[in-house]
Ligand code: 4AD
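Just the one chain here, laid out as C-alpha cells, in the form predicted on its own.
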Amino acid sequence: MALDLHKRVYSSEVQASKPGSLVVVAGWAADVKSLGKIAFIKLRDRTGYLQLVSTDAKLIEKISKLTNESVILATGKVQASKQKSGGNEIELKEFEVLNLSEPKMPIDISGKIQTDLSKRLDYRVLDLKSPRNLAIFKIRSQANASTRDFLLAKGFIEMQTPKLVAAGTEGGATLFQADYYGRKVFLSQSQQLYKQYLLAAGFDRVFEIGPSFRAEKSHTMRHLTEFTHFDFEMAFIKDEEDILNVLEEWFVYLLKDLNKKCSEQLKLLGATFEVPKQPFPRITYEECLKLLSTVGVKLKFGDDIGTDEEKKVGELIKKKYKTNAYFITKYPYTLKPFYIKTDGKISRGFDFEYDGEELASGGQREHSAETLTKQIKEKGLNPKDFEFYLLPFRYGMPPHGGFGLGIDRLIRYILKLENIREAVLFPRDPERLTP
C-alpha cells in the first residue's frame, strides 16, 4: 500500500479544506463514470459523498475497470466543484483498490429502485450502505447518549443485569426457554426484577439500556422478539407522579438534544417533531373510556385499550390538549403486572403515549413482601418461582417506581418510520434469525 491510510480524512473535512491542498481519502465507489477523456468516482464514506475527477488517461483506464461499491484509497488536490451543488471535489492523482466489489448487486442501494423491506433485510449489510439508514442509526446512537447524559446528571447509576433468568417477570406465556447445563432457564423479558433488587441494596436510582426478549408470535410493524429495553427505577418516591415528572423531563431533553445534534440526519430523513410542553396531560383510564364513548367506542371498566382505540384516544387528546405526548394513569389492577402497587381495584400503573402509540409502561411498585406474595398468587403465578425476587423485600425495600421503554419503538415513532424493523440494525421476529 503506497498511500498512507493514517493520513486519511473524511469527505466532510475535504469540504472545509482549502483549494490546492493535497488530501488522502478512503471509502466506497458509490458510482463510477468513465466518459472518454474524463472520469468520475462518487466516493461515499461515513460523513457523506465526495466527487473524485480525473483527466489523466492512465487513471481513466484504471477507473473504467472499477466496479460500484469497491473500496478505494485515493489522493488528490482539493478544488472547487463545477457541480450545481457547489462545494469541493478532488482532482485525482492516484488511487488504490483495497477491495474490488462484485459487479452485480442483489438489491439497489441508490434508492432509485424500490425494494421491499423483507429483501432489504435479507441483504442488510448492503441495505445499511444507504445514507438514509446511516442517518437513522446515528440518531439512535445519539438518543442513547442523550439518555445516558440526562440520567447520569440526575444521579442515576447505569447497570447491566442478567439475560439468563430462573423465572419470567410477567409470566411464562412469552418466555424463551434455554438449556443451562441441564437446567431450564429463560431469556429475560425485562430488567424489572433486578433493578428493584438494586434499590433494596441502596443504589437509589438505576437505569439500563440493554436487550430483552418476548416470545410473542406477533407479525405487526411494531413488535420484535428481541428489542433494546430502556429502564429506570428510583427509590423513596411519594407516588407515581415522581416517575412521570422525570420521564417527561427526559423526553423533552431528548427531543431538544436530537434537534440540536442530529439536524443533518433529521433533514435527510425529512423528519420533524415538535417538543411538547410540560407538564404532559395526565388522563385517567376511566377518562379514556369516556373520551372513546363520545365517538361511539364502547369499552367497559377492565377492558384493555387496544391499538385502534389507543390511536383514537391520541386523536381526541391532541384535539383537546394540543399535544402528542400524554400519560394514561389509574389503570385497573387486572391490566397491570403483579409488582405494581394498587389501591383496591385501581393500580398505580401508567402508560406514556406519543402520537397515539404506547412508548413506555411503568408505575409505582409494591414494596411489601406480604402484599407482593398475595399479588403473585392473584396473577396465577407460583411464589416459589419468585423466592429470589421476594428475598430483598423482607429486609427493607423503600417505596419506589420506574418504567420500561423500547428504544426501537421510540426511534420508529419519533422518526415516523413505517416499520419498527427499520429502526433495528439486525431485527429478530418469529421468522428472522439471520443475518
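Numbers follow the displayed sequence, beginning with 1. What you see is a predicted model, and the numbers here were worked out from it, not measured in a lab.
Note that the form predicted together with the ligand isn't included here; everything after this is about it.
- Only one segment in the set 318-326, 297-305, 189-197, 140-148 has residues whose heavy atoms sit within 4.5 Å of the ligand in the predicted bound form; it is 189-197.
- In the predicted bound form, E216 approaches the ligand with a heavy atom inside 4.5 Å.
- Taking the partner from elsewhere, F227 is found to have a heavy atom lying within 4.5 Å of the ligand in the predicted bound form.
- The ligand in the predicted bound form is not approached by K77, whose heavy atoms all lie more than 4.5 angstroms from it.
- Contact check for H367: every heavy atom lies farther than 4.5 Å from the ligand in the predicted bound form.
- Only one of A29, A39, L381, L405 comes within 4.5 Å of the ligand in the predicted bound form through a heavy atom, and that residue is L405.
- Residue-level contacts in the predicted bound form: of K93, R222, K154, K256, one residue has a heavy atom within 4.5 Å of the ligand, and it is R222.
- Counting a residue when any of its non-hydrogen atoms is within 4.5 Å of the ligand in the predicted bound form, the hits in 343-376 run E358, L359, A360, S361, G362, R365.
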